[in-house]
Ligand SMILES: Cc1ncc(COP(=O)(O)O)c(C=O)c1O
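Form predicted alone, single chain, as structure tokens, below.
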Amino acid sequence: MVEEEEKEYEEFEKAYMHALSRYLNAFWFDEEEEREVLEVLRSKRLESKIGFKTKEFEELLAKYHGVKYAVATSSGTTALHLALAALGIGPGDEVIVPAISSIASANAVIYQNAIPIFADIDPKTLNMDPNSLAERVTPRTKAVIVVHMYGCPADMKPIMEVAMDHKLYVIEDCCLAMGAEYYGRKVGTIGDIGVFSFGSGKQLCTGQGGAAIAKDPKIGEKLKKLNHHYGIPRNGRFIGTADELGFNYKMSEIVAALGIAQLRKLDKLNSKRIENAKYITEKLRDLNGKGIKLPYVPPGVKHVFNEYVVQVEEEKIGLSRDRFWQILLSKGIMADPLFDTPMYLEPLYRNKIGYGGTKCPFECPLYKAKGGHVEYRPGLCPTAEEVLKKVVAISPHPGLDREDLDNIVNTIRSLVEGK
């Protein structure tokens, strides 16, 4: 029995490594990245304050999005924190975030000693439900972080209407959706600030790194200023008067060099993701609603498919969601169950674990003084809790060829049809 289990594990590990090797092809690094990085190494200017690549990357990011300001950071998480700080979010304030996302989307709010309030999701897109957003607004609400989940733009028109009615700032978390569009407008350009991540598996990959973009000069200049740990603009003195709390979130020159080369390929890579997702959908369309639900693409959007997300209907196929994705992985297909729970059910939030062993900011006197009280409990966002039991993310990354795509299609079909 032990030998059989060991053999099964070895086969699973072999399949996983095969899937991973195909997945790594998505990064498409070639001589362009090598040339850009070598230029930095030969210059010996590795820091952005004395280099030239970070500034160039920021200019290219701004141009790509048609905005004036782009600030490159060390990660998507630091870009989110920088955005909240630039908007003046602080103790006693509430920021509404979707129930499903990377936990960084909510943690960044705590970094500013503010309170994350969770809104439920649209079950078809996994994006924030505008009606739930409207229900969560209180006099303490100062901003909303809208996450464009897995490459699918959120429904920004009603979200912006809620924000305007209540005078809320809007931060677009585009960490999984760079290059996606909502009725012809690139995500990140609709709200006050757009935030991006360039980590592994993202549309634009530099291994680490992030950025924040803005149209408004006041916000843009604030982002630039706070990105320096002295709280002074980068084009000012290297050391000067610290008149504001800044952060040392700057991007390195090597990461920026990778970003420059990757940005040139972004639209091509996204087109390949869209093409791969379209192929899978066309081959499985007849199974939609008959054991699995295929990704929904709303009208008026360009979905760039950071992941191809299906929902497994266990009662129809007699196969659990977990077993479903494990079989996919055993067949060399990069698959993942996303998140086990909404963010607010993580121990950090359920137990309100704050700074220094206290429950601050969740029970901060400044929050209580504004009449604030928050509890994170099961049932808070019922749609999110139900959907997370079903979802499986399959990577449609650009490194896949037709044989890989057919393997995905045939494996899913066999699982659904029970063959």
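The numbering used is simple: start at 1 and walk along the sequence shown. This one's a predicted model, so the numbers in the text were calculated from it and none came from an experiment.
This protein has a second form, the form predicted in complex with the named molecule, left out of what is shown; the following refers to that one.
Between the options T141, S102, Q311, N113, the residue in contact with the named molecule in the predicted complex by a heavy atom within 4.5 angstroms is S102. Proximity to the named molecule in the predicted complex, defined as a heavy atom within 4.5 Å, singles out one entry of S252, S132, S75, T189, which is S75. The stretch in contact with the named molecule in the predicted complex, judged by heavy atoms within 4.5 Å, is 171 to 179, chosen from 279 to 287, 89 to 97, 171 to 179, 262 to 270. In the predicted complex, none of the heavy atoms of G194 sits within 4.5 Å of a heavy atom of the named molecule.
Among residues of the shown chain, I159 is not one whose heavy atoms approach the named molecule to within 4.5 Å in the predicted complex. The named molecule is not drawn, but in the predicted complex it has no heavy atom within 4.5 Å of I213. Contact check for A256: no non-hydrogen atom falls within 4.5 Å of the named molecule in the predicted complex. For the candidate spot formed by V147, K202 and F339, every residue has a non-hydrogen atom within 4.5 angstroms of the named molecule in the predicted complex.
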